[in-house]
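As structure tokens, one chain now follows by itself in the form predicted on its own.
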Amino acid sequence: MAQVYDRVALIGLGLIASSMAHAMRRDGLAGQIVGYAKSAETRQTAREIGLCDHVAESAAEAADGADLIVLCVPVGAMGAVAAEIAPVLKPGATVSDVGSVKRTVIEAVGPYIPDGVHFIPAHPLAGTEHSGPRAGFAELFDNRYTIIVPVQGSDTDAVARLSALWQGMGALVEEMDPEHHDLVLAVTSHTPHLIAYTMVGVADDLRRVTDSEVIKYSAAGFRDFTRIAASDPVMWRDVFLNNKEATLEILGRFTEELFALQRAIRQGDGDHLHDYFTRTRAIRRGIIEAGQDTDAPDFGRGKARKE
């Protein structure tokens, strides 16, 4: 794969940014990779492992002269970072992000983007419960979707170039408008995470079940809840605060479904339960057939690092 950008700046050096660095280097997609993280400890770790060609001491230093700047910070911090880097953005550069919410990111970042600079939000639907610069690996995006969310007036050539980068990193690329993206993610990611956090919290509250029993007897269901609930708390706090409407809409729908299942269990309505579980099982089969997971007994996660 040919080089797509001469100089790429990664602002924030967690799982996604570090995986991007590895994937770009694997496929020769960037001439130079510059990184910056707010934490001095994270910057030092990035230097120790050789994650980037250069680790800057500020977001502005990293962005100065870059052809692509990717904001890989929590959603709530993106506006402040955009304000800092705005004065050094060169004409023709592209600013993108990897946030799990799009409408509020566009509202926070958009006003700081100078004329002549392209702003093209994006969201790779890939990840693990691990975080930090050591967590990344080049294969994270292979056969996983990245949603590109062009804003009004986005330059088609700049969008195509960003798409080429993500495809070069192994992703399947699709475009979507911001409101629909946020609704889709509320269904597929945000609400499931909220439910996982809640279920783990419920187990912690059930004092009749001791901590040691919860740990020792965790069958696959609860074990997978705890895997999801181990995700970065700052990132998920910002996701819920910035995708309120869609998350609350899907949470309301979830509550209705839960009440219906409660009623079926209380009334001994086996037909309703069987029909419901049959329908939901078909969705799982569809995910496997689409190549977005494996039907291996351990979900293929026993040896692989990918989600």
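The structure displayed is predicted, hence computed values, not measured ones. When you see a residue number, it is the position in the sequence shown, counting from 1.
FYI, the form predicted together with a small molecule isn't displayed, but the following is about it.
A.B. asks: So the small molecule isn't shown here. In the model of the complex, which residue out of 222, 112, 137, 236 has a non-hydrogen atom within 4.5 Å of it?
C.D. replies: Selected residue: 236.
A.B. asks: In the model of the complex, which of the listed residues (195, 86, 120, 125) lies with a heavy atom within 4.5 Å of the small molecule?
C.D. replies: Answer to the contact question: 125.
A.B. asks: Looking at the small molecule in the model of the complex, is some heavy atom of each of 100, 189 and 227 within 4.5 Å of it?
C.D. replies: Spot residues vs the small molecule: full contact, yes.
A.B. asks: Residue 129 near the small molecule in the model of the complex, any heavy atom under 4.5 Å?
C.D. replies: Residue 129: contacts the small molecule in the model of the complex.
A.B. asks: Determine which one of 112 to 120, 172 to 180, 151 to 159, 228 to 236 lies within 4.5 Å of the small molecule in the model of the complex, judging by heavy atom distances; exactly one does.
C.D. replies: Single hit among the candidates: 228 to 236.
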